[in-house]
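We begin with a single chain expressed as structure tokens, specifically the form predicted alone.
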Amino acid sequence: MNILEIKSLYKSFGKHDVLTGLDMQVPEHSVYGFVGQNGSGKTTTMKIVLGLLRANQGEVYVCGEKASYGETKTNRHIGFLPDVPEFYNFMRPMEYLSLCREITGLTNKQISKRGEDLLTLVGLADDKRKIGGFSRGMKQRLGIAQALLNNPRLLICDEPTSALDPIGRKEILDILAAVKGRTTVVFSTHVLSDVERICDQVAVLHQGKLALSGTLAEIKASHRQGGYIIEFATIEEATSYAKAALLHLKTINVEQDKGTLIVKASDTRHAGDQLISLFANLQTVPLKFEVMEPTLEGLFTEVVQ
């Protein structure tokens, strides 16, 4: 089941077209990386899903229900973490969650148990300081606890790791990976390494619509270029091997950068067998021999340029 479906979504601000027919499906219980350059329309999309912004055209469905601009009923299914969550700095974490109880309609008994569980999840159960003394990373973690308070079926996080140090980023990513079993996460970001670390599904937004979408493995497989990276101890070994490879395999292309060769071939399996046999014939052993795998960074750069 798709927890979120976006169909033919258009949004412009004046003469500036931001979304130009966006179609997107987010499977339930996935961590969905929504990737794009700054200003590509990620936050605009999330605001339309939340009913905070009116689309020019298109439809949004959350848990099968149509979302609408204004007081949309579908928000009862959604928890939201903005890029910079705001708090009352004079409050302590449990006091803040208790305040949120009045908005969500939970009972005192429910908030006591659920608040403790969520603060434990985000690593703040034993911290009794006022929120004003928290670091940005701690505030982001408290924001996740607040967003999960009402047991949402969809958790939307807008740039949750932006401006965090490496430790803070790791903490947030670990939490988002841990909540996959209880909710679906839409993780809007431009930090590609974060996406590769925790996301099941990836979508790249470019020029108002998806340029790439699917699992990371599917995207890499569909854009894989056949070839190998071979690294030798010396430039001389690499040069000698490159000459022999071109002599024996007529359908390959070889690029050399000092002691490293990049060998591209239309028939990767056959070329790989021949290249391995050539090591024995030349009585040489490479430092590295690996299949070329496309990276998310490389694919992202390819589609946005």
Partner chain sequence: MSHYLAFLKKEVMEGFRTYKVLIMVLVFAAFGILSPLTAKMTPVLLDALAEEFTISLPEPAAIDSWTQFFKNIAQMGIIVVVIVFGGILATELSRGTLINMLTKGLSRVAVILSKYTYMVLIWTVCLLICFIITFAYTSYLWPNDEVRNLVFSVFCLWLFGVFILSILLFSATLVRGMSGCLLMTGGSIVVMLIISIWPAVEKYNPLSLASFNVQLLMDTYKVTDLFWSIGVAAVLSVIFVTTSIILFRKKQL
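Between two forms, the rigid core is the largest collection of C-alphas that superpose within 1.5 Å. Numbering follows the first chain given and starts at 1. This is a predicted model, so every value here is computed, not measured.
Not pictured, yet referred to below: the form predicted in complex with its partner chain.
Within 4.5 Å, heavy atoms only, which of Arg197, Lys209, Lys220, Lys130 is in contact with its partner chain in the model of the complex? Flagged contact: Lys130.
Listed residue that, although its partner chain is not shown, lies within 4.5 Å of it in the model of the complex (heavy atoms), from Asp174, Asp117, Glu95, Glu231: Looking at the other structure, the residue within range turns out to be Glu95.
Examine Asp126 and determine whether its closest non-hydrogen atom to its partner chain in the model of the complex is within 4.5 angstroms. Contact check for Asp126: no, nothing within 4.5 Å of its partner chain in the model of the complex.
Does Gln146 reach its partner chain in the model of the complex, with heavy atoms at most 4.5 Å apart? Yes, Gln146 is a contact residue.
Under a 4.5 Å heavy atom criterion, is Gly226 part of the interface with its partner chain in the model of the complex? Contact check for Gly226: no, nothing within 4.5 Å of its partner chain in the model of the complex.
With the partner left out of view, is Thr104 within 4.5 angstroms of its partner chain in the model of the complex by any non-hydrogen atom? Output for Thr104 is yes: heavy atoms within 4.5 Å of its partner chain.
Work out which of the listed stretches, 249-257, 25-33, 276-284, 65-73, brings a heavy atom within 4.5 angstroms of its partner chain in the model of the complex. Of the options, only 65-73 has residues within 4.5 Å of the partner.
Within 45-84, the residues that have a heavy atom no more than 4.5 Å from its partner chain in the model of the complex: Sequence-ordered list: Lys47, Leu50, Gly51, Leu52, Leu53, Arg54, Tyr69, Gly70, Glu71, Asn75, Ile78, Phe80, Pro82.
Large Cα shift (2 Å or above) at Ser162 between this form and the one not shown, core-fitted: Not so; Ser162 is displaced by less than 2 Å.
Using the core for the fit, does the CA position of Lys130 change by 2 Å or more between this form and the one not shown? Moves: yes, 2 Å or greater.
Take the rigid core as the frame of reference and indicate whether the C-alpha of Ile235 shifts by 2 Å or more between this form and the one not shown. Not so; Ile235 is displaced by less than 2 Å.
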